[in-house]
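As structure tokens, one chain now follows by itself in the form predicted alone.
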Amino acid sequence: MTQAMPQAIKNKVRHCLTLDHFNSEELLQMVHLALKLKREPDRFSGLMEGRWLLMLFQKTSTRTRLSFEIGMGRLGGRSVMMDWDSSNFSISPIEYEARYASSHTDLIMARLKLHRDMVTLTENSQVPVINGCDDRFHPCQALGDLVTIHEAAGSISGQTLVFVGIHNNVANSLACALPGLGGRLILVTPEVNPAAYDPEMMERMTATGLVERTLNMKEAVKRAQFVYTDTWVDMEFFDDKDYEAEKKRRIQVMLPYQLNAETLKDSDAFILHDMPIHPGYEISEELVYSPRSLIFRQAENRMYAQQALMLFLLGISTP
């Protein structure tokens, strides 16, 4: 049995495992900084000079890879991309590899399949670890969503977001973040990814009075300023022949909850989707390009949100 890093070492660094590790003031600080980074990028161009980011990928990626690598570069830092399966992370205890990798870097961003592996990584890293996605949480996505909501509405407080689809890691992360900032989250989630659902966490979030659940999509979207959807099948399973029966079952259950002109006819809410998009499944193609769609702005804002998060975790003062 391997030994974990001593507690004194673990407590020296602050990680981003989930957004409820930050208080509302800290989250707003990062949201405001992200929007400054977007408006005035040249003011921040050298803040990461001499810093290195390790990007560790066990899951495939487009937005996470591009936004972190380009975001780090625009701040003057440098990045190393490492594939989990072609590295010794796949054959050695994570705690050993984490201890070594963190001795050469200033930050680690990891996109892993299992939350328990993410926890082990954070517990044994000597530098801040950012959860770039796992089966329980997706804090980077939710932070970018907060930036987009604030940018579009001028505030997060008082906004109602309806999340329609499978209860997954994004739903969890939105539930962690919105109530503390005065936003309301309505979950229209007839299906649940078993690995994502945490009854204790959801009980705590619903107790705020700002997170609720319903299957009445029609009434929920009438109350929304933002309507959000996500894939019904996780990306690693979408083309998996062994998952085909479950994929077909989910599609049959979820088609009445597709975002399209009919299901949103009583709503003028902005439309969000964290991508990758499967048009004709969770959303119709016409809505992707509709005037109400913020989808591509939402994806762009991932970079600014993650720049703000990296600067925050390293305690770097900003102009």
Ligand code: CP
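The structure presented is a predicted model; accordingly, all values stated were derived computationally and were not measured. When you see a residue number, it is the position in the sequence shown, counting from 1.
Here the subject shifts to the form predicted together with ligand CP, a form of this protein not shown in this document.
J.: Report the stretch among 255-263, 286-294, 36-44, 272-280 that approaches ligand CP in the model of the complex to within 4.5 Å, counting heavy atoms only.
T.: Looking at the other structure, the answer is 272-280.
J.: Check for me: heavy atom within 4.5 Å of ligand CP in the model of the complex, for each of Thr60, Arg111 and Arg302, yes or no.
T.: Affirmative, all three are within 4.5 Å.
J.: Could you tell me if Thr122 has a non-hydrogen atom within 4.5 Å of ligand CP in the model of the complex?
T.: So Thr122 does not count as contacting ligand CP.
J.: Taking heavy atoms only, is Thr189 within 4.5 angstroms of ligand CP in the model of the complex?
T.: No, Thr189 is distant from the partner.
J.: Please check if Gln141 has a heavy atom lying within 4.5 Å of any heavy atom of ligand CP in the model of the complex.
T.: Judged by the heavy-atom cut-off of 4.5 Å, Gln141 is in contact with ligand CP in the model of the complex.
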